[in-house]
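The chain below stands alone, shown as structure tokens; this is the form predicted on its own.
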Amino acid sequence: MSDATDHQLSSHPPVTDWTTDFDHAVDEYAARAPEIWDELRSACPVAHSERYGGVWLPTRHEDVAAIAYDTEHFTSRSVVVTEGRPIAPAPRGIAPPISSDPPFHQEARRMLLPAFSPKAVNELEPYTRAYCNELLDAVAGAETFDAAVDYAQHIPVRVIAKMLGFPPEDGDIFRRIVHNALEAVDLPQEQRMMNFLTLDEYLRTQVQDHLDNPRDDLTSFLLNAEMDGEPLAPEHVGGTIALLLIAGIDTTWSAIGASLWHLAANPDDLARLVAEPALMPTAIEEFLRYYAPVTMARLVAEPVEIGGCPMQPDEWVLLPFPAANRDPEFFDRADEVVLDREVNRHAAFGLGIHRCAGSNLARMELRVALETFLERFPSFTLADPDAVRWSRGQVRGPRTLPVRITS
């Protein structure tokens, strides 16, 4: 998958001032977002840019939380900042339930919860662990390999394909869909529309296959689901499947990769986690806090002031949950990874009504991916720190992660 080809069409100039001209889809932001959040939190806790037709970036936990819980002044009808504004109206939005406003949101979310219950997720664990071992078998004996390309990126792809009943061999298609939706946000709207037409055609094919051949999976469930006694609208079904496909892949792929990056770069933490496997639950929560991959977005619905900044309707607002998780006013030792941190009210899965419905699944995939990797490779380092590349846009994680096995 080549980012360079897509971004030849980008017209975004380099950022000159992060307080007044920030851009979350440029390479500098991808490379050093945590440092940028720290700088802004001290100098300008709610930054603004005229890019994307006007967008705000709060960096303090209190401001991020205030927006996330405020469904009166902020609408969720689209959660990805782009050059245009979403055509899908509230309250359903483009990809329910994440794009839905109350009261529609509550029922749309409730309908999905059984598919992501602890019981349902536990049933997927053996499949996930077997696939992780299969991936590691393929690199066994290699002194170096790419832990993102050869491992992390494949795990959530295969799991979500199984849940949706989509062909597992379509992994490259899924990753292209994710890239187009979340990283290529600075493309012209015409190019983005073409990308989404391609996604729409792919989903139509899969939905038709499920209509012709019903089976016990999440796609067939959605096709037979009802809200208020009525079948789901085709746009609802398609939008929710797109959400599950996109959000179910990139977020977990990024969390797995970032956790492996940390362990490769911090040998003391790696040695401790291998020696004390009982630490894994708290370590996972700490990796989620410190390397939270997801930044959501809202559109201003009614005039409001946040952090002393007056926001106007139709302006974008980014919700960088990773920045909130590193706010020293909210977390003790916020700038450190503390594997045995006991109190960890992190926002990696969001805040408010849109807190991630798939958090059980993400935690299971992250835990199984790390357990399996450490069982096979208890000692490893970064093979080339300068070769690590982090993704751009609203989901941040390593896209290339060369590691060297040292034992």
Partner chain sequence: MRIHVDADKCQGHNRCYAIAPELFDVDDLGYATALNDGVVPAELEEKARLAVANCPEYAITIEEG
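Positions refer to the first chain, counted from 1. Here the structure is a predicted model, which is why all the values come from computation and not from measurement.
Keep in mind that the form predicted together with the partner chain is not shown, yet the notes after this line are about it.
Judged against the partner chain in the predicted bound form with a 4.5 angstroms heavy atom cut-off, the residues 59, 66 and 333 are out of contact without exception.
Residue 35 falls outside the set of residues with a heavy atom inside 4.5 Å of the partner chain in the predicted bound form. The partner chain is not shown here, and in the predicted bound form it never comes within 4.5 Å of any heavy atom of residue 41. When contacts are judged by a 4.5 Å heavy atom cut-off, residue 109 counts as touching the partner chain in the predicted bound form. The closest heavy atom approach of residue 374 to the partner chain in the predicted bound form falls outside 4.5 Å. The stretch in contact with the partner chain in the predicted bound form, judged by heavy atoms within 4.5 Å, is 354 to 362, chosen from 377 to 385, 24 to 32, 354 to 362, 41 to 49. This chain lacks the partner; the member of 337, 113, 90, 225 within 4.5 angstroms of the partner chain in the predicted bound form by a non-hydrogen atom is 113. Among the residues 101, 146, 285, 186, the one placing a heavy atom within 4.5 Å of the partner chain in the predicted bound form is 285. Annotation for 113 to 151: interface residues with the partner chain in the predicted bound form are 113, 114, 117, 118, 119 [heavy atom within 4.5 Å].
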